[in-house]
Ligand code: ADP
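Presented below, as C-alpha cells, is a lone chain in the form predicted on its own.
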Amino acid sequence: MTKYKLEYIWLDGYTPVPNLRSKTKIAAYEAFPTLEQLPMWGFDGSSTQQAEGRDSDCMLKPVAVFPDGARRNGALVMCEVMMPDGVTPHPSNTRATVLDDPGAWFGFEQEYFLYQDGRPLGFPADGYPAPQGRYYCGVGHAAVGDLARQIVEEHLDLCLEGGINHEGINAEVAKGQWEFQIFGKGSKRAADEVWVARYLLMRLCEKYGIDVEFHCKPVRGDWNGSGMHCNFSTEAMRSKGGKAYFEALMAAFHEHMEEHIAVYGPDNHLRLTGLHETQSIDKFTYGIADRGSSIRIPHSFVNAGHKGYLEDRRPNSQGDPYQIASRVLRTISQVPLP
C-alpha cells in the first residue's frame, strides 16, 4: 500500500468571484486512486462564507481526479461542495447547475496577467512599456521576458502530467499577459479542468513570488483586457446544423443576452467596450471570423453547412466556467432540434 497526498480542491462562497481552496488528505491505496475510491470529506464552511459557525459543516464530493506532478504520490481532487447530508448541492455549487449533456463539447481560452510588485510582469516601475503590437505570440526577452516563459512552460508540463486536456499556450496582446486553452467532451469536463489548471498556475507562482491576475481589465487605457472565450458545440450542432438552426440559436442568444452577461464575469463593462477586439456589452452581434462580434463564426462552420462549433467571445477571464457552460446549454436547449 502506498500513502497518497490527496489535494481536495473546491470553490468557496465568495461573490462575485469564488476563490479556490484546498487541503490535503493522506490515504493509502494499492495504486493511483480512481474517482470511485475517493471518500467525501468535510470542511469548515464558516471560514469560506459557506456556513455559519453554529452549523459549520460542509462536505466535499470528489468529481474529478488528476495526478499531481509537483508532489510524489500526489493527486489533485476537484470537488463539489455539498450540504451536510452529502446529497444536496450547496447553494454555492455552480457545477450542480450545469445540464448533463455528454454530447456537449467546450473549449475555454483562459487569459490572465502575471503580476509582480503590483504591476504586470515586465512593466517598468514607473509608466508603461512599449505599446501593444509585438507581444502577441512574441519571442525574446523584450517581448515576453524569461521568467514568464519559465512559468508558463512549467505550468504546461504540470497540466500535461496531470492528464488535463491542455491544448496550447501563447503570449497575449498585452505585456505580461498569457493564455492557455482547455478542451473537454461532456458538459462539465472542460470546466473542471479549467479550475484545476487555474489552481496549478496559482500554486506554481507561489515559489516565484508572482501573482496571477485574472481580472478582466487590470490595466486601464489602451491595453487589451483578459477574456475566457468559450468555444462550444452540441451533437446537433456538429451532426445536423443548418442555417435555419444556426439563426434560431443566434436569436435565442440575442434574447438572453442579459442573462449571459450576468454570469460571464464581473466588471465586464470595463472590457466589453467595442474596442480591443470586443463588442459593446449592450449589443449582440455575430460574424464570420469577426473578433469584434459577440459570437465569432469560424469559416469552417459555414463551409460545413453551418455545422460545427461557435465561439462566444463575451466571457471574461474571471468568469466561472461552470456558470458559463450552464447558461450556454440552457439557451441552446430552448431551440428546437433541427
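Don't overthink the numbering: it's just position in the shown sequence, from 1. Since the structure is predicted, the reported quantities are computational estimates derived from the model, not experimental observations.
Just so you know, the form predicted in complex with adenosine-5'-diphosphate (ADP) exists too; it's not on screen, but the next bit is about it.
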Asp101, Arg189 and Tyr245 - do all three of these have some heavy atom no more than 4.5 Å from adenosine-5'-diphosphate (ADP) in the predicted bound form? no
Should Arg271 be classed as touching adenosine-5'-diphosphate (ADP) in the predicted bound form when contacts are defined as heavy atoms within 4.5 Å? no
Looking in the predicted bound form, any heavy atom of Glu179 within 4.5 Å of adenosine-5'-diphosphate (ADP)? yes
Given that adenosine-5'-diphosphate (ADP) is not shown alongside this chain, does Phe106 nevertheless sit within 4.5 Å of it in the predicted bound form, heavy atom to heavy atom? yes
If you check in the predicted bound form, is Thr94 within 4.5 Å of adenosine-5'-diphosphate (ADP), heavy atoms only? no
Among Glu167, Asp117, Glu206, Glu153, just one has a heavy atom within 4.5 Å of adenosine-5'-diphosphate (ADP) in the predicted bound form, namely Glu167
Which is the contacting stretch out of 73-81, 153-161, 254-262, 181-189, given heavy atoms within 4.5 Å of adenosine-5'-diphosphate (ADP) in the predicted bound form? 181-189
Can you tell me which bits of 222-245 touch adenosine-5'-diphosphate (ADP) in the predicted bound form, meaning any heavy atom within 4.5 Å? His229, Asn231, Phe232, Ser233, Arg238
